[in-house]
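Below sits a lone chain in structure tokens, taken as the form predicted alone.
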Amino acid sequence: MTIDISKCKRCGRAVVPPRDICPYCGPGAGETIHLAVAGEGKVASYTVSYMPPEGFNSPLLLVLVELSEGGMVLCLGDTEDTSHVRIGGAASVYVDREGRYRYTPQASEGHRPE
């Protein structure tokens, strides 16, 4: 599973989803470098929405993952159970069939995406 990111040649910050221009440095930094990364990182934060937007069921787990290569990704959780979610815990991110970022704990924590 890989995630597409972009990195700025000037500041080195990563952005997800990838962009041609760094949102921190602006157009003066030149074009960014586009990379495919492993999609592994750690949980920076999470929340559970009991009033999710139309098209989503309640409760909705949302997890903010900081990728190892940099950049933050807001992901949908794969489960309504939050007992496995830990701030700082190892996380994997993948893109589902509908193009949405999904979170799952890394296999080392006893879970694996299907």
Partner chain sequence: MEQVYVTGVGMTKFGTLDETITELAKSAALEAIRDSNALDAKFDYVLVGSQNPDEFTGVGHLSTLITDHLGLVPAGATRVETGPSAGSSAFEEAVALVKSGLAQLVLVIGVEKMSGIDRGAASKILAKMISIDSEAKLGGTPAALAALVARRYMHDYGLSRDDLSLIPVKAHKNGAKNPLAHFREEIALEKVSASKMVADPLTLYDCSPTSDGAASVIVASSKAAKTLGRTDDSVKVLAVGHATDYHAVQHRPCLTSLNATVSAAGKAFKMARLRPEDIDVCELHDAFSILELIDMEDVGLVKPGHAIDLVKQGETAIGGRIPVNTTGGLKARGHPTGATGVAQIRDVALQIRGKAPAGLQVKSPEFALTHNIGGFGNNMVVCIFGR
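In this text, all values refer to a predicted model and were calculated from it rather than measured experimentally. Numbering follows the first chain given and starts at 1.
Missing here is the form predicted together with the partner chain; even so, the following discussion is about that form.
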{"property": "Heavy atom distance at most 4.5 Å to the partner chain in the predicted bound form, all of 17, 49 and 74", "result": "yes"}
{"property": "Contact label in the predicted bound form: residue 87 to the partner chain, heavy atom within 4.5 Å", "result": "yes"}
{"property": "The partner chain contact at residue 13 in the predicted bound form, heavy atom, 4.5 Å", "result": "yes"}
{"property": "Contact of residue 35 with the partner chain in the predicted bound form (heavy atom, 4.5 Å)", "result": "no"}
{"property": "Close approach of residue 29 to the partner chain in the predicted bound form, 4.5 Å, heavy atom", "result": "no"}
{"property": "The partner chain in the predicted bound form - contacting residues of 55 to 69, heavy atom within 4.5 Å", "result": "56, 60, 62, 64"}
